[in-house]
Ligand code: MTE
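A lone chain, given as structure tokens: the form predicted on its own.
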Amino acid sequence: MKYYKNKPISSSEITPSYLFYARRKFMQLVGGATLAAIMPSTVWANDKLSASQNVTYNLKDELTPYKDVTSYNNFYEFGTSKEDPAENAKGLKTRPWSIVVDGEVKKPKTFDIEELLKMAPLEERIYRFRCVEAWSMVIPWIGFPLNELIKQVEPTGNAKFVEFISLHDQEQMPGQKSSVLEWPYREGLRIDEAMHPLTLLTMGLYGELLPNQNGAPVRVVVPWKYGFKSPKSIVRIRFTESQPVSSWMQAGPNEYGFYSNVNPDIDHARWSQAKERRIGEFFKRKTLLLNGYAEEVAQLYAGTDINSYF
């Protein structure tokens, strides 16, 4: 895996070119009328996010087109098919929005979304994003390291894990009327995983605020884990001494382990994880250990049998 090693450069030098390319390509593919129909109002109504590109973590891989990133989603709060979120998330109200941060911390706090947008310099990072169903994307996420928020609340010595809880609102999230999962959606990380500089508190992609179907207004992105470990539309972050039970662990403990690190040697109960299909490509490619981020994160699991702790 190769990375650019230069210092971050300003968005004015980079962002306009790829945004122009992505939008032009999208318009050519679907036409202006279709674009207006499927994109959430937040993309049109709000300003672009100003962010410097952190080239340390930006891949050379070709970006997945904006159309695919925003129309092929797993977000069961809005339905179980990949097309449901883009259609059913249009009514999600993302302002006002706040996140309660509590539990084993010295300084519990409630963060307003506008405060989060100003709290730390926003970075653009191009990450691989791998889903457990053996498909993947390359997305330019915008946010800041989650550890910036964690430092503000000062976890106690008892804080071993971080639990994330998403919005529970059946009126806005019609998929929550189903029993496919027990709501609200919950996920968790070890605190060292949450503190790792790759873990991103994310507010945008492709130079814009997050579309509703991608987890607006704030989500986590953990690029070396399967996508369901990157919870969306977060309303609470809770620090705990014991390992939290995540939604997918509860639904299928033999299929979804707490760690859920990308591991091509561990098959899902119903399909192989050895290969993946990048959205937009016909042929499959070999799945990379830890989604290609082994150099950065393998030390987190030194001495741990990652085949047993899946």
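Just count from 1 along the sequence shown to find any residue number. The structure displayed is predicted, hence computed values, not measured ones.
The next section is about a form of this same protein that is not shown, the form predicted in complex with the ligand.
field: Sole residue of 185, 224, 206, 127 within 4.5 Å of the ligand in the predicted bound form, by heavy atom
entry: For this set of options, the contacting one is 185.
task: Would you mind picking the one in 144, 228, 111, 161 that has a heavy atom within 4.5 Å of the ligand in the predicted bound form?
output: The residue in contact is 228.
- prompt: Which one of these stretches, 94-102, 116-124, 153-161, 214-222, sits within 4.5 Å of the ligand in the predicted bound form when only heavy atoms are counted?
  reply: Answer to the contact question: 214-222.
Any non-hydrogen atom of residue 166 within 4.5 angstroms of the ligand in the predicted bound form: Looking in the predicted bound form, residue contacts with the ligand include residue 166, since a heavy atom lies within 4.5 Å.
query: Is there a non-hydrogen atom of residue 135 within 4.5 angstroms of a non-hydrogen atom of the ligand in the predicted bound form?
result: Looking in the predicted bound form, residue contacts with the ligand include residue 135, since a heavy atom lies within 4.5 Å.
- prompt: Are any of the heavy atoms in residue 239 no more than 4.5 Å from a heavy atom of the ligand in the predicted bound form?
  reply: The answer is no: residue 239 has no heavy atom within 4.5 Å of the ligand.
message: Within 4.5 Å, heavy atoms only: does residue 73 come near the ligand in the predicted bound form?
response: Result yes; residue 73 sits at the interface with the ligand in the predicted bound form.
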